[in-house]
Ligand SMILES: Cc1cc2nc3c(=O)[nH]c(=O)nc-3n(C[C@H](O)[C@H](O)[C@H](O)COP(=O)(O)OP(=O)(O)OC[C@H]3O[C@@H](n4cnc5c(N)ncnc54)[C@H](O)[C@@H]3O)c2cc1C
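To begin, one chain is listed below as structure tokens, in the form predicted alone.
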Amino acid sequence: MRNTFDVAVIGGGVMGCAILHYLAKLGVTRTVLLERHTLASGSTGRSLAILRMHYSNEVTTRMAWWSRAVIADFQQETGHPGGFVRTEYLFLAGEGQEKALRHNVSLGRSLGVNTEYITPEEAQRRWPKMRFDNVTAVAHEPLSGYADSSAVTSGFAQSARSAGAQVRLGQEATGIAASAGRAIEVEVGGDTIECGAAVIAAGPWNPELLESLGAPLPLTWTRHQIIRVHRPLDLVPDHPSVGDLPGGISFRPDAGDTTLIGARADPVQRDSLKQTPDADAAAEALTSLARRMPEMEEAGWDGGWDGLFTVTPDWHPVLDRVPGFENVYVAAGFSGHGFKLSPAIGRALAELIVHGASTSIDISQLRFTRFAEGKTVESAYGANVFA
């Protein structure tokens, strides 16, 4: 088996697979992706997978808007389905957050995003089954929705493989050997892979690889609980995807009579993550959902799962070359935003590797050194999953 490649990508989540795909589109196909388990088996496969563009800064707004279009037409991009469903998206703000919401809507519109500001009264007229009693401002995105995170990940990987890339599952990268500021080998168990460049995109397992290079990032982990409920179809046949800042939840419809609720963001140790949501979290989430949609009081809880956010201090990712290494790159700390940004991130990292800079979008604001420089990315709603 060949063990010499132009680029080795570590991590088989949506980021690693997107990078592999866009490298292939740029003509770099002597590549390998290393994943210690199966594709999308980490944070990607446990994402709520909402696609929305409501952000507070230009770089993430641009990435989210462009990425939505790619995922919405994923068959055209990769030859494989991505499971996109357009639901519309409402972002709900509460007391004191009206100015922030208006700013984000104006920013989005200036960049071409299809979004509008509406009053709670207008929202009540448009969505009569919802209640907006503690909402002071609403952003509406008619083209937003959700997709299948595992299908998108697999589609990127299959597209790259058809161009010549290798995808090796059950292969855990344990280190990167470097000399004179250049990566030369990726260590995989007792074997080594020679590479012209290495990309660290291992999600929650990025820290060990970065620390082995003497280039740590301030990353922590947050537990995000996803609660699955069955809604009464006779009362609530469908509903938009919603980011409910006053209620502290996000929710979206899923296949059949299912609604998924994303609740809480509790600090956790990476290796102690539970697999299923807590009963009290489910009860709180159902209460918040029923306050927003009273007929959801008839909904029944049917389990769910836990997701893991790898979080930076400003809740925005790091996309950069690793300082001190001319051919090592990192995509880290997506803080709950990764899936919706993944096509744009894959393209930007591929351009950085091939051209020496991202030519499609300026990602300098997301540089590795910004925390040490005290130049964090600001959010209108503070540092949280709604950043």
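Numbering starts at 1 and runs along the sequence shown. The structure presented is a predicted model; accordingly, all values stated were derived computationally and were not measured.
Form predicted in complex with this ligand: not shown, discussed below.
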Problem set entry | Stretch from 238-246, 92-100, 177-185, 218-226 whose residues place a heavy atom within 4.5 Å of this ligand in the predicted bound form | 218-226
For this session: Indicate whether residue 202 is a 4.5 Å heavy atom neighbour of this ligand in the predicted bound form.
Result: yes
For this session: Classify residue 254 as contacting or not contacting this ligand in the predicted bound form by the rule of any non-hydrogen atom within 4.5 angstroms, answering yes or no.
Result: no
For this session: Mark residue 84 yes when one of its heavy atoms lies within 4.5 Å of a heavy atom of this ligand in the predicted bound form, and no otherwise.
Result: no
For this session: Flag residue 318 as yes or no: does it have a non-hydrogen atom within 4.5 angstroms of any non-hydrogen atom of this ligand in the predicted bound form?
Result: no
For this session: Can you work out whether this ligand is within 4.5 angstroms of a heavy atom in all three of 12, 172 and 334 in the predicted bound form?
Result: yes
Problem set entry | Proximity to this ligand in the predicted bound form, single hit among 358, 43, 56, 67 (heavy atom within 4.5 Å) | 43
Exercise. Of the options 28, 34, 350, 328, which one has a non-hydrogen atom that comes within 4.5 Å of this ligand in the predicted bound form?
Worked result: 34
Exercise. Going by this ligand in the predicted bound form, which residues of 350-387 come within 4.5 Å of it through any heavy atom?
Worked result: none
